[in-house]
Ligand SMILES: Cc1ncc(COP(=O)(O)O)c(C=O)c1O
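Let's start with one chain on its own, the form predicted on its own, as structure tokens.
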């Protein structure tokens, strides 16, 4: 357990080593030629255990905090195909903690994709009949109370691991990208990523503010996948300010005291029919990246973020010849749970 040294400073926050960093930064030459902009892939889909993903960066801090607090198990929540739940189960195993997953579904979900992996990882899964992830908070607290009555010491992680502490992982993540870009000869440019519960974007905004103040103007754009861009912007801004305060309490801080709010940019219009529902643009993006680079994106999050890049090229927000980073936040196992919807992709 240690702080994130070598990333522009040390933070007085415990962290577990759960994934090998940095994640790769790869140029995508065939996709670049197709779109007319230079596309780079930040491969957090290769980060961490159990098929990887962005939540590993958050869980390094959250599970370290769980250990410090003496927890012997963790509880988190999400949709039945939650990437966060799958990675929490895997990383909890590595940390020596039991995992309890409170997942939502209106029916009996098929045991495939992420849900299959949850069971293989030995997680205790509870299905709650509700449409809204927000409704799972009460179920988590009820479960925590029962476990405490049994003598257990649970640590509750909100949906997506999106807390100020979890966001610290992505403040460090953008500093990591900035260092890689120097070696790759890539100047600071636009960074697109999927945004939902807000923790990833909040951390990126904190570091974007600090790097901009230091003459490294990264422009981070969170592509809304929930269909509530105003709500997302409010959530991300609050999380970013809390994360900034937490990080700036370090000695020395990872980033200087700069307000991250002006660096919270949300792109709307790519949710499609709704959260967790395949969109036409997302389906086209899945096929495009697979055919061009042999890299898969998922139907819920990353395909919609990649569709945002395609749309930005078409409308001129990303000019011909400019550079862009697609931050691949993972989610590949969910592809298998959408086989019926994706079958027409060919």
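For clarity, every value in this text was computed on a predicted model and none was experimentally measured. Residue numbers count along the first chain shown, from 1.
Although it is not shown, the form predicted in complex with the ligand is what the next lines describe.
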**Asked** Looking at 150 to 158, 196 to 204, 135 to 143, 88 to 96, which one sits within 4.5 Å of the ligand in the predicted bound form if you count heavy atoms only?
**Response** 196 to 204
**Asked** Any chance residue 329 has a heavy atom within 4.5 Å of the ligand in the predicted bound form?
**Response** yes
**Distance check, residue 301 to the ligand in the predicted bound form, heavy atom within 4.5 Å** = yes
**Asked** Taking 4.5 angstroms as the cut-off for heavy atoms, does residue 271 touch the ligand in the predicted bound form?
**Response** no
**Message:** Would you classify residue 58 as touching the ligand in the predicted bound form, given a 4.5 Å non-hydrogen atom cut-off?
**Reply:** yes
**Complete:** When the ligand is considered in the predicted bound form, the residues of 130 to 145 having a heavy atom within 4.5 Å of it are none
